[in-house]
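One chain comes next, on its own, written out as structure tokens in the form predicted alone.
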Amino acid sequence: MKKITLGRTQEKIPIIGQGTWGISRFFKDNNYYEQWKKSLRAGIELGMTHIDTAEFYGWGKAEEIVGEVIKEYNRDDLFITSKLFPMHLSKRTMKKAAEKSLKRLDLDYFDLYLIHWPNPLVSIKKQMRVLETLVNEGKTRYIGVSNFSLEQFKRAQESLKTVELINNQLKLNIIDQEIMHDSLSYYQKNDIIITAYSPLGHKGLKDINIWLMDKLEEIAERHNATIQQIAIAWLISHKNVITIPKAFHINHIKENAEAASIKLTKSEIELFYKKDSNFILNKL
């Protein structure tokens, strides 16, 4: 699995990791959870050692499942990200939520801890102070945010005193390209990693328009790949972009991992840019 450097750190992180959004706490039997565990294990064996989760996913169930799997592996070989749900309004409750996530994961520290969404009821400055405290206490190695606009990200970065944000996790895919065109250049210039979630949309590219489907099928045939693999390869062809597709079935895990080895040409990448974009193709 190809790895890239995480921002200005010396940390190497897989360019394709594993997402866990969708793991449910309700109305599921043991077979369902065992299948998730098998898929996560398969992904780790294929080099997708970055696992992303959140306290919000399955109301903690996703963290529990991840925790059960990762204890089977060397902690130093894994990179675990979790996210703080923005319903916590005070420093005390935010820190308590982080500690509960660590307990569910059965870890002493996160590799990366994010604010899941900006909260209009809590100042960005207060949230950043909590994240900074968690770094200083050894509860997380690195910090970042998720679903923050570029302006919010800048304000968050300016609120920190001793550490830096190294990541913004954003919805980004071949359909939802706005981030790519509006703010990717800023993150690239400042050595900040964008983690693209929902790299295949919420329906696995099953609801895309005919033009896009035709182009994806054309390029997929050329590379002996699936359209989903091409969509993932397109994302990670951009500097400072990694992604965390989720997969319930092991065959999809394998396909996701294999997408890292697909090398698209500049013209193939450019083919998928939205026609109304002013994006300048010089950041690949």
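Don't overthink the numbering: it's just position in the shown sequence, from 1. Given the structure is predicted, the values throughout are model-derived calculations rather than measurements.
A second form of this protein, the form predicted together with a small molecule, is not displayed here; the remarks below concern that form.
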Contact of His249 with the small molecule in the model of the complex (heavy atom, 4.5 Å): yes
The small molecule contact in the model of the complex: Glu64, any heavy atom under 4.5 Å: no
Please run the contact check for Ser82 against the small molecule in the model of the complex: heavy atoms, 4.5 angstroms, yes or no? no
Is it the case that Gly201, even though its partner is missing from this view, gets within 4.5 Å of the small molecule in the model of the complex, heavy atoms only? yes
Candidate stretches 184-192, 116-124, 154-162, 95-103 - the one whose heavy atoms come within 4.5 Å of the small molecule in the model of the complex: 116-124
Among Ala225, Ile244, Leu40, Ile236, which has any heavy atom within 4.5 Å of the small molecule in the model of the complex? Ile244
